[in-house]
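Just so you know, structure 1 and structure 2 below are the same protein chain in two forms, each on its own as structure tokens.
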Structure 1
Amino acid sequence: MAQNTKTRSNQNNERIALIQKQRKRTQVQNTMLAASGILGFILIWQIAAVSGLVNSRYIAKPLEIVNLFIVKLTDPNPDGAVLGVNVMSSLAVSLSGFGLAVLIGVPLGLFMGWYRGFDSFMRPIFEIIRPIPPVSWIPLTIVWLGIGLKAKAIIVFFAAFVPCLINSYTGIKQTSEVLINVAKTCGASNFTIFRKVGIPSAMTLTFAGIKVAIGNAWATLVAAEMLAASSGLGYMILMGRQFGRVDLVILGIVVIGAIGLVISKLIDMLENKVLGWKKL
């Protein structure tokens, strides 16, 4: 009997080891596949550039981009600013527009979702603004505010505002009826219930809205900077085109994409921290 249990536990250990090995193997395999996807893309790009298949006026080699990145860190030509300045300028615009959108959109959504009178008053105005794409505000803002930070921030604001408002509105509307009734029987006032029950239960959706908002903000920023700016990454790309510098355009695209990725990763991390209790 003792021997029997021993072989049994041996078998079990073997099985666990096998499963762990398999899991590791799939992991390695997936990493390899992911890497080969990216490398394959860069390879095709390199071949297209080196072989002359594509005219060098239209394409730059991957290494040239890396090179330009280093040069551009210190060289303000041809668009008039070094890379760091462009990045900071873009971040300043998108973060101020985004911040404004969160500060106004989220409370507005929460109040509209909770107080029906306020909702029916604000609703038509919001429904008028909502379907108008943010970029189409560009001419108006240029007329009103010129092409400075304020104008661009307003455009970004319009892009980020809508998801903030919609999500916090939907979130607080979905507050569980039971929780509200429990609070009511405890004698809480409507405003207290709004603060203590409504807002917390709207948080998950609100965060999802903020995530969409920051993506929108970053995407719209580029348009704002191409149509109304004298600095920033979007402006740098546009200048690249005007000077026929394809390498500069590609560098701009890569940097914008990379920053976009970093921002969404940061938001994910923040969300996990703030809403960690939800996942349990």
Structure 2
Amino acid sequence: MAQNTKTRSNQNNERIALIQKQRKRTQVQNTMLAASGILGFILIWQIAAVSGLVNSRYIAKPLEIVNLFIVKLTDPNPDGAVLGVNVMSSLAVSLSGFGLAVLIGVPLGLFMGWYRGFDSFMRPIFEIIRPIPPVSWIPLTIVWLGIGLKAKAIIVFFAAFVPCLINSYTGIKQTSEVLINVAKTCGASNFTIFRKVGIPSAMTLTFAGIKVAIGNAWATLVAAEMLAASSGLGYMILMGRQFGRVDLVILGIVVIGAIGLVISKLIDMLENKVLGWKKL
């Protein structure tokens, strides 16, 4: 009996090791494909710019963007700030508004989706706020708070708040009735079921909403900085347009995309850690 148990344990360990090896191989292949796609796009871009298929007045060469990136690390011209200052300014605003949206929107959506009375109380307020474009808050926030960090963070908050709430609300609404009934049969209270069954079930859609929210946050931030800022990536893009610097505009866009990619990967890592039990 002991020998059979040991044999089965060894077989299970071998299977787990094989699965992990296959996952690593798949990850390497996906990484190589992603890198190939990016390099291929840059190559096509460079060929189109060098060959004259695209007018240099409308698009800069990739090598020019790389050179400008190096220059902007130390040169504040023409927008008045080096690239690091612009990046930190935008990160401070976007992460402040985005973090506030997650801290408020996710719990609010979970409670609205679980407790019908609270849903009836909050839904009319949310339905009034939801269709209002975040950019439309810019004039009011300028009047109330000026053009500082708080004003722009509030604008970003409104952009990120809606997807956080809607997805967490939808996720907990889709909690399996079978799991809820099993928990009730075991004598669990409503709040215990909410905490141990509802919230874990809602996490997949909740993280999807968070990913949408970070995209909305950056899009709205750029618009806010174009209208009410003295630094930031959006402001840098606006200055590039005013000075006719296509390379500066493209550099701002590329940096925003790169930062968004990094943040998205960090959210994926957090999601894998929180939802690791789903892979068991």
Partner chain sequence: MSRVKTAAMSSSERKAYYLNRLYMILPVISVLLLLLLWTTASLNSDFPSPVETWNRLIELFERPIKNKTIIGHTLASLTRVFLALAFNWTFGIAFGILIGWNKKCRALFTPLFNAFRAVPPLAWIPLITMWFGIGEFPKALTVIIGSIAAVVVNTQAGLSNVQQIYLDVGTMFNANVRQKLFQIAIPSALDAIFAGVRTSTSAAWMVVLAAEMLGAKSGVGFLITRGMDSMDMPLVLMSMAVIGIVGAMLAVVTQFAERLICPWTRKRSN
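Computed from a predicted model, the values in this text were never measured in an experiment. By convention here, residues take numbers in order along the sequence of structure 1, the first being 1. Between two forms, the rigid core is defined as the largest C-alpha subset superposing within 1.5 Å.
Asker: With both forms of the chain shown on their own, indicate which is the form predicted on its own.
Answerer: Answer to the question: structure 2 is the form predicted on its own, whereas structure 1 comes from elsewhere.
Asker: Taking the rigid core as the reference frame, tell me whether residue 215 has a CA displacement of 2 angstroms or more between structures 1 and 2.
Answerer: After core superposition, the C-alpha of residue 215 moves less than 2 Å between structures 1 and 2.
Asker: On a rigid core superposition, how far has the CA of residue 50 moved between structures 1 and 2, in Å, if you could check?
Answerer: A shift of 7.1 Å.
Asker: Quick one: CA shift at residue 27 between structures 1 and 2, core fit, Å?
Answerer: Displacement of the alpha carbon, after core fit: 14.2 Å.
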